[in-house]
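Quick setup: one chain, the form predicted on its own, written in C-alpha cells, and binding and motion questions come after.
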C-alpha cells in the first residue's frame, strides 16, 4: 500500500502542476480527493492492512493528502495571479466605460408630487390612510348607510373574514380615498385643509379609461363660511397649474350621498382635442374631478357642528389625470412594465 500511496501522490502533484486552468484543476481535485477519488478509495482499504502497520500507513496517507491539498492551493493562487495579470494587460484604461442605466420616477409619481406641491402652496396638508378599510369609514361615515343604493355603484371588493371575530362584509378594499374624511375630522378640529393621495379598488370592467386598481387624490376643506364658489376657484386654480392655463373645463350637477350639492368636473380630452375618441367615449370631455359641498350628515358623523362650519370635497382621478397630461390613449399604459414606454418620461 505504501507504493500505491506514493504513486497517487506523484501522479496528483504532476497533474496539478501542469493544469492550465481552474476548470481542469477542479477535475483533478475530484479525481483524487472526491468521493470516488483515487486517494479516497485507497484510504478505505486501510482496514485491510495488518494492525501493526496501520499506524504507519495512516501517517503516510495523511501526508499524501496534505501534500495534494497544499499543491492544489498553491496552483489556485498561481492561476489567479496569472489571470489577473492577463486581464490588466488586455484592458484599455483609456476606453470609455459602460454607462449604467439610471432609473427615474414613474410618470404617476412625477405627477403625484406636482399635485401635492400645488395643494401645499395653497395651505393643504397631505395625509395617508389604510387601503384595507372598514365598511364604516368607506360608507357609513360618508352618509351611505347599508341599504343605500349608491353602494351598488361602488363595486366593492370584500375581504374574506371567515374564522375571525369580524362580521362578514365589514372589512373591504377601499373604493375611494374619501374614507379619510371621517378619520381626519374625528381627530382634527376645523379649520381643516387636507389631501389624501392613494390607491383604490373596485370590481370594474377594465378598459382604456377604467381599471380595477386606480389612484385618487381626495381633498377636503372645512372652515367657517366655505362656499361653492371656493370649490370652483380651487378646482380651476389646481387644474390650470397642472394642465396649463389654456385648459378647458366644464361643471355639471351630479349626486353623491356625501356632498350636497354635488358637481362633476370635466376636462376637454387632450387626446382628441375635444373631437371625440375611445378614451372620452366620443364625448370630447373626460370626467376628472367629482366634487361638492360636504353633506351636513358627514360633518355630524365626525363630530363637527354643521350649523357653524361648512366645507367642500373633491377627488382627482390621478390615473386619468396622468393619462390626459401625457396624451395617452389608454390608462393601462401606466401599469405596463415595458421600458420603451417608461423611458419616454
Partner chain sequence: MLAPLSWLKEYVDITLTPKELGEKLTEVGLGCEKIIKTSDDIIFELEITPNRPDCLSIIGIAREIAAIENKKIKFPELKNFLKPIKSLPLIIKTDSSINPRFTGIIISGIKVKESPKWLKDRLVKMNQRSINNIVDITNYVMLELGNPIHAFDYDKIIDKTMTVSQAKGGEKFESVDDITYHLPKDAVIISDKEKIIDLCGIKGGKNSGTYEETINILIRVPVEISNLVRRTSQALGLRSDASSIFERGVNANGTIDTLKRTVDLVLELSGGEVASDLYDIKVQDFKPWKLKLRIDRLNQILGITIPTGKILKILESLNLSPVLTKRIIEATIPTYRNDLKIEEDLIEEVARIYGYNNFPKTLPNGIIPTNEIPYFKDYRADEKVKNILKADGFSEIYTYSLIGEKDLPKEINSQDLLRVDNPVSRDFEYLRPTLKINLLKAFSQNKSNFEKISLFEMGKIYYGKNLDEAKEIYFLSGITNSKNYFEVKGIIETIFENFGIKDNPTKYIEILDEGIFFELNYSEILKNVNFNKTFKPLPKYPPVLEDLSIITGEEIKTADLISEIKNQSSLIANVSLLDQFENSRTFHIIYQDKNKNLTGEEVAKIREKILHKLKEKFSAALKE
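These numbers were taken from a predicted model, which means no experiment stands behind them. Residue numbers count along the first chain shown, from 1. The term rigid core refers to the most C-alpha atoms you can superpose between the two forms while keeping them within 1.5 Å.
One more form of this protein should be noted, the form predicted together with its partner chain, which is absent from this view; the next part is about it.
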property: Non-hydrogen atom contact residue 295 with its partner chain in the predicted bound form at 4.5 angstroms; result: yes
property: 4.5 angstroms heavy atom contact with its partner chain in the predicted bound form for residue 104; result: yes
property: Exercise: residue 194 in contact with its partner chain in the predicted bound form, heavy atom 4.5 Å; result: yes
property: Residue 342 within 4.5 Å of its partner chain in the predicted bound form, heavy atoms; result: yes
property: Options 63 to 71, 23 to 31, 50 to 58, 295 to 303; stretch whose heavy atom lies within 4.5 Å of its partner chain in the predicted bound form; result: 295 to 303
property: Residues from 155 to 186 in contact with its partner chain (non-hydrogen atom within 4.5 Å) in the predicted bound form; result: 156, 157, 158, 159, 160, 161, 162, 163, 164, 165, 166, 171, 173, 180, 183, 184
property: Post core alignment: residue 336 C-alpha displaced by 2 Å or more between the shown form and the other one; result: no
property: Did residue 245 shift 2 Å or more between the shown form and the other one, C-alpha, core superposed; result: no
property: Cα displacement of residue 327 between the shown form and the other one reaching 2 Å, rigid core superposed; result: no
